[in-house]
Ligand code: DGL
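First, one chain by itself in C-alpha cells, the form predicted alone.
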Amino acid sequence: MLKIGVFDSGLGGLTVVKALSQVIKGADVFYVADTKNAPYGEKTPEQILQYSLNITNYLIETHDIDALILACNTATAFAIKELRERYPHLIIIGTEPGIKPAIAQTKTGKVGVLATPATLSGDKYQGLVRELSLGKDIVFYEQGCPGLVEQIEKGETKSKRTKALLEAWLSPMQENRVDTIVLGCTHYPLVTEMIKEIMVCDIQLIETGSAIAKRLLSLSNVVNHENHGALSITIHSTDSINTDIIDTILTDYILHIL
C-alpha cells in the first residue's frame, strides 16, 4: 500500500484529498489538519516552516509515509525547499496557485488571484507570476483574503458575512472584466458557487487538486506502486474540527477521524 501524508492548516486540504481519491487507488492517506495553528496565511515564514517540519516528522515516525503532499499554498511557499532537502527519500509535492492554466485559458487577458496574504507576498508566487507572464499581455488582479479561511473552517460557506467579504474582494475583478480566477488556497474551492453567483458571468475558476493527484500517480512508480485496490483515509487534527465540512467534501468514503 502506498502511504500518503497530506497536511494543511485546516480542512481545506481535503479538497486535494478528494482529487487524490479520484485518481489514486490502493493507498492509505493520512491527513493532518493543523487547526491549532490555523490559518497559516497570517503566520510568519519561520512559524510556517516549523509547523511543516513538525507535521512531516509526525507522519514519517507514526505512519512511515512514502509521499508527502503540502495541501497548502502558504506552506509550500515557505517550507517545501527545506523539506525536500531534509527528506530526499520522500516523494514531496507542493501546491501552487494555478497561474499557468489561468494564462492559457483566459480570453480577456485579465486574471484574478484570490489567495492568503502570505502566499501573495511570497517569493515563490511572485517568481511564478514573473516567469509565466513574461512576454504575454496578461494583467493580474491579486486579492488577499484575510479571514476567509476562518469563515470556511466554521462552515460558513453560504453565510451573509462570507458573501459580503467575497463581494468586496471580487468587485474590482468584475469592473475590470476578469474572466479567470485562480483559487490560490485549498480552502477556496468550498466557496466556488458563491464566487460564481457574485461574478454573474461565465467565469473560469482554477484549482490545482487534480494536477497534484496526477503528479503523484506519475511519481508513484518510484516506490513500485500498483494503482489498484481500496483507498483508506484517516484524518488527524491538532485541535477541534468541524466534521460537517468533512462530510461535505468526502461524501463517499468511510473515514477514520482521530
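In this text, all values refer to a predicted model and were calculated from it rather than measured experimentally. Residue indices: 1-based, along the sequence shown.
The same protein also exists as the form predicted together with the named molecule; that form is not shown, yet it is the one meant from here on.
**Student:** Spell out, yes or no, whether the shortest heavy atom distance between residue 111 and the named molecule in the model of the complex is within 4.5 Å.
**Tutor:** Close contact is absent here: in the model of the complex, residue 111 is far from the named molecule, nothing within 4.5 Å, heavy atoms only.
**Student:** With the partner left out of view, is residue 182 within 4.5 angstroms of the named molecule in the model of the complex by any non-hydrogen atom?
**Tutor:** Output for residue 182 is no: heavy atoms all beyond 4.5 Å of the named molecule.
**Student:** So which of 222-230, 39-47, 204-212, 56-64 is the stretch with heavy atoms within 4.5 Å of the named molecule in the model of the complex?
**Tutor:** Going by heavy atoms within 4.5 Å, the stretch is 39-47.
**Student:** Using a 4.5 Å heavy atom cutoff, which residues in 50-83 contact the named molecule in the model of the complex? It's fine if the answer is none.
**Tutor:** 71, 72, 73, 74, in sequence order.
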